[in-house]
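One chain is shown next in structure tokens, namely the form predicted on its own.
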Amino acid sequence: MSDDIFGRVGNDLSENAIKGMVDDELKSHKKEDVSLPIIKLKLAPTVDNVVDIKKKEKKEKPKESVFQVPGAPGLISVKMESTVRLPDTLTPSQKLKKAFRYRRYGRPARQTLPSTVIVKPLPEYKKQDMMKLKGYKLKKSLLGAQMVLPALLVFLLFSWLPILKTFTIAFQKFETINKPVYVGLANFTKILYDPKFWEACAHSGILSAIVIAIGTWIPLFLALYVYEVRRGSSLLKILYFIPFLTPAVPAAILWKWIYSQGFGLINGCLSFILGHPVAIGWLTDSKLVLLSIAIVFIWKNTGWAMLIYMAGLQNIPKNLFEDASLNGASVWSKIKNIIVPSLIPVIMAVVFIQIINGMQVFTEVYIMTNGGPEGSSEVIATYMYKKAFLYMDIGYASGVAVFFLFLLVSITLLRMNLSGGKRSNR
């Protein structure tokens, strides 16, 4: 524009010429952008000479705020179209975030509701298929019974069948040669007037009493010892439990040799200590025979009783021992005031188990003494065996077995009633 002005005017730079040229240029560029470059000539500071060029003012857009999204209240109150419909489960803040994302990125807020799943109908089963399916389910449910059936048959054949047969024979006079004759309660009345039976019951009771007096407390003190040992406790448990795993017959033969009056280990050790020969009849003296048998029984059953006591010791809170130690309590006071009261249920269980096992002793007595000397070690089990297989009075022996069974059941019921009464008192 400046080049055109100077080309037309040349050297004639009068004010009127310049003013006319400026007006022409302004009229020609009236429709063009106001931002085109124009040479501003410095004219005289008069009102007539001032050219007023006004620019169009641009409207400033309002500043957008991140926290204020336009149109967001409408999303909450007004229902939108299906393309931008928001679920009702969204909170107002979540709806504002989705509206801001749509405004900024141009992505519609889609529905978050799960689309409907078309469920196809199941195919129809034929009757044959249904029968096969039922048969498969039945086989699957009977699989466990099939696995247990062999063991169950063996148990019934060698355990329950003899018990039921014993009940039937107990009411008969049964001999192997002649046919059994039903005699009713004659075998049971005979038991009441049989002194040998009551003598055997007395021996079984004495044996059980010795087992309870010695076999209840020795495992307890061994359990306390093993419980306090820090190193080698597992080895001690194994050593004390080995006698329980030893078969009864080899153990009885071993102890019969130890108790031998002429060359036994016990008499040999006593002779070496005292300096003169000792010949104590451990199995031939009527006063010592039950004690000798009870010692063998205690030696064999100490392991499992010790493990039961150790399980009970682990259930005692350790803070009781810590408080007792802070108060200066001795070991005996801890045993007397903490351990024994806490283990009373365990002790009662061990006592009743020892009673039942002591009443059922057979192998040790049969191998070591066979009821001798002169019937001083005869127990109920050996008495039944001799009546059945030595004197062939099977009916009476079955009656003794049934009577003995009811005796053991009564002891078990007594144990259950005592434990139930203690729980109710608590």
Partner chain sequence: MKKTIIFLAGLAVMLVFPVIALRAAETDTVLTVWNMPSSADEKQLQVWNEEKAAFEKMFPGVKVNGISREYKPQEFVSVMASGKGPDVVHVPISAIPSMAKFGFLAVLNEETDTWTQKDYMPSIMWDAVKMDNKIYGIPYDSYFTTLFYRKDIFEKCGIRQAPQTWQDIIIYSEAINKKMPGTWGMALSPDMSTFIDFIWQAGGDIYARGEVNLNNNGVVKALQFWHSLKWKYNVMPPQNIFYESDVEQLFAAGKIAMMPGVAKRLPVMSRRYGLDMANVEIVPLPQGDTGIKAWHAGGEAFIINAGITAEKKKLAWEYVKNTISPLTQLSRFMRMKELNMIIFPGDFSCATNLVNRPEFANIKGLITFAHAEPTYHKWPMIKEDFNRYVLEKIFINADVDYGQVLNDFMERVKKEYNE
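From a predicted model like this one, the values you see are computed outputs, not experimental measurements. Residue numbers count along the first chain shown, from 1.
The following text describes the form predicted in complex with its partner chain, which does not appear among the structures shown.
Contact with its partner chain in the model of the complex, defined as a heavy atom within 4.5 Å, holds for exactly one of A279, L185, A213, L274, namely A279. Proximity of P341 to its partner chain in the model of the complex: non-hydrogen atoms within 4.5 Å are absent; the residue sits far from the partner. Proximity of S286 to its partner chain in the model of the complex falls within the 4.5 Å heavy atom cutoff. Interface membership of G262, defined by any non-hydrogen atom within 4.5 Å of its partner chain in the model of the complex, is confirmed. Taking its partner chain as it sits in the model of the complex, the stretch 340-371 comes within 4.5 angstroms of it through a non-hydrogen atom at Y366, M368, T369, N370, G371.
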